[in-house]
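Shown below, as structure tokens, is a lone chain in the form predicted alone; questions about how it binds or moves come after it.
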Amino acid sequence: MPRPSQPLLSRQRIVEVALRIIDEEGLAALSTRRLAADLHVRAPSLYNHFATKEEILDAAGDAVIAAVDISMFGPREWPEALRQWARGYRAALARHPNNVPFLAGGPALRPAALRLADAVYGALLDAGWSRSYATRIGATMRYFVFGSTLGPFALGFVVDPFGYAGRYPHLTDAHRLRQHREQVDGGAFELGLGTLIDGLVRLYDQTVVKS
């Protein structure tokens, strides 16, 4: 039989299928046995491309981060760059919510995640922020973005109006929040982002411009 024109297995294909399993069923569903079955190969074949399951998890997580646009750092002033980046970061994470708890642990040695961290930190340094402030601002932005994707606020309330009536007089409309999830959660993100950026601009004027 002629050899196939394309290899049957590649790192990219493994990552794509691993990410699909995580997206559909969660991190706990991913195992080398399950991944091999979905790829129609034997499990040992995976180790020609990845040494461990942890490496596969890292690669799948990094594929999520690789979709985050960081091209605004440099051409844009740092406040607007942070604003645009945070929106894109949240959108990328929202497309893969089951991966968020894993990625929240930090960039480790994942290339895309480290490029992202380097771009943010470098842009802040170039703008005149001290290393200390640049580190803390990067961390603050990351906390905010990840926090906004870990658990949608609007979905935290039950749809039964009788669950709140009488006992919680200020929550009589809480059962309607699920119907307006994007308005509530998206609006809360924009409110928090705007407040955060405005505060950083004031801090910049006080600590960098005046120094």
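Because the structure is predicted, anything quoted here is derived from the model rather than measured. Basically, rigid core = biggest C-alpha set you can superpose within 1.5 Å across the two forms. Residue numbers run from 1 along the displayed sequence.
Omitted here: the form predicted together with another copy of the chain. The next part is about that form.
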Which of these stretches, 167-175, 50-58, 63-71, 24-32, has heavy atoms within 4.5 Å of another copy of the chain in the predicted complex? 167-175
May I ask you to check whether Leu150 falls inside a 4.5 Å heavy atom distance of another copy of the chain in the predicted complex? yes
Might Arg95 be said to contact another copy of the chain in the predicted complex, defining contact as any heavy atom within 4.5 Å? no
Please tell me whether any heavy atom belonging to Val184 falls inside 4.5 Å of a heavy atom of another copy of the chain, as the geometry stands in the predicted complex. yes
Residue-level question: is Ala108 within 4.5 Å of another copy of the chain in the predicted complex, judged on heavy atoms? yes
Even though the chain is shown alone, can you say which residues of 27-61 have a heavy atom within 4.5 Å of another copy of the chain in the predicted complex? none
For Arg178, decide whether the Cα shift between the shown form and the other one is 2 Å or greater, given a superposition on the rigid core. yes
